[in-house]
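Presented as structure tokens, the chain that follows is alone, the form predicted on its own.
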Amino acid sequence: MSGQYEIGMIGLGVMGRNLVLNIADHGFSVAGYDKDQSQLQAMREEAAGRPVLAAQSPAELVSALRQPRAVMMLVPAGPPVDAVIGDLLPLLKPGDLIIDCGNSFFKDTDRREQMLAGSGIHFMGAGVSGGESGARHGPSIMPGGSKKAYGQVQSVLEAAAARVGGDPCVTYLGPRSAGHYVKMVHNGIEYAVMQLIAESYDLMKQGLGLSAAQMQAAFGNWNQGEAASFLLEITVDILARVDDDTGNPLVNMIRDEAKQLGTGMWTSQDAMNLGVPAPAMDAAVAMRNLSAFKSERLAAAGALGGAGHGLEGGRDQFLSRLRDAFYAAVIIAYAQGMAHLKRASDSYGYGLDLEAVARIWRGGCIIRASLLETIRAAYRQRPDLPNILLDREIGGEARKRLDALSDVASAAARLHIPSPAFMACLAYFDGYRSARLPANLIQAQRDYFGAHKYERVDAEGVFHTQWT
């Protein structure tokens, strides 16, 4: 019926459909549309008995919404988002709101908001993390854009979001593309932690010769302590799964070519644009790219030889060192991500509250981890903290595990088991705590071949030397 539904959703794939069901289960009426009739029918069947309308067109969806209207979309990033906006634009009025809940590039979000502003239509970019289960039962939601527009949908988003200790895992983050930027960096941290888990798995498998069941037990043990996280939790489940066709561990039957949708790459690229180091994320993106060269890797393994075997020392001793190294590296990876957000907030004028970011990441999202409670406490005590490694507790936890991180990086190098994320985290920590770096020589070289000039330690100003 016209004008009765509280919010709309365009894009009824698994994520969009589950979010519709989630919102409806919390008492809000939802109108949904997808140009794919099978997706529309799936929603119709799954939403039976709930206040959900299966609209046959964008026009029917818009006419079914209360004014001012709010339409969410969960469609692939890029041209599909612009296409949906194009469909909606002639149907909406000033004061209405479009919310892009996909993984859009933040600069596209800025462009779209600016374009729609001329029509008086609000636009928000809201990152949603948690996968299919999170969308259905409570994700972490990262909205940015007009604060006034956020007020239109705040009650809906808070009801649908995950909760930790009674706090909803959603909050207004800042103007323009702040929400999509935070989600982008979230995904960069996700890349880094997944790579660290994969490298730990490789060291256990190739270095120690452990079975899937033995690795499952090791990761399960890690997940009981301070390193507990959603990504470790699912790793335990993955290693327990047996392939129905072969009886082998399913993970052994999966081709070793990792895919990516671009968000990790965007994070690395913009970190470089801002001049903020994010080497753990860079390493994770590079290794996904390298994994795609399967045929070349097979040829190189034959021509150049592969990894060695047999880590020194007892198995239990090395697993203990690996656990400590992993937690230290995870801390350092989060430190890079949070420092990246701090620099972006200052550079782009987002005004991010990093305590709030850590708070809404504690539940529902892919990178939820026990560590985030400690990170939240650090920002609560010192909101302007430039890097969480400068927090006494967090920096101390990484520092006391540094020898383990060094040992693991050294062992991986000796056996030629590629572990670039571990090595990048170690180098970042050592570089960050170095009162003096060899960049003075680099500046001298730049001045030598390009007359780029340099600064001196004993005088103000810039200088050039005639080296030859």
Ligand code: 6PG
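Treat the numbers as computed from the prediction; the structure is a model and nothing was measured. Start at 1 with the first residue shown and count on from there.
Omitted from view is the form predicted together with the named molecule, to which the following refers.
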property	result
Exercise: L261 in contact with the named molecule in the predicted complex, heavy atom 4.5 Å	yes
Distance check, S268 to the named molecule in the predicted complex, heavy atom within 4.5 Å	no
H122 within 4.5 Å of the named molecule in the predicted complex, heavy atoms	no
The named molecule contact in the predicted complex: R288, any heavy atom under 4.5 Å	yes
One residue of T171, S146, N103, S345 in contact with the named molecule, assessed in the predicted complex (non-hydrogen atom, 4.5 angstroms)	N103
Proximity to the named molecule in the predicted complex, single hit among F326, Y334, Y191, F219 (heavy atom within 4.5 Å)	Y191
Residue stretch of 354-362, 241-249, 127-135, 314-322 approaching the named molecule in the predicted complex, non-hydrogen atom distance within 4.5 Å	127-135
Residues of stretch 178-206 in contact with the named molecule in the predicted complex (4.5 Å, non-hydrogen atom)	K183, H186, N187, E190, Y191
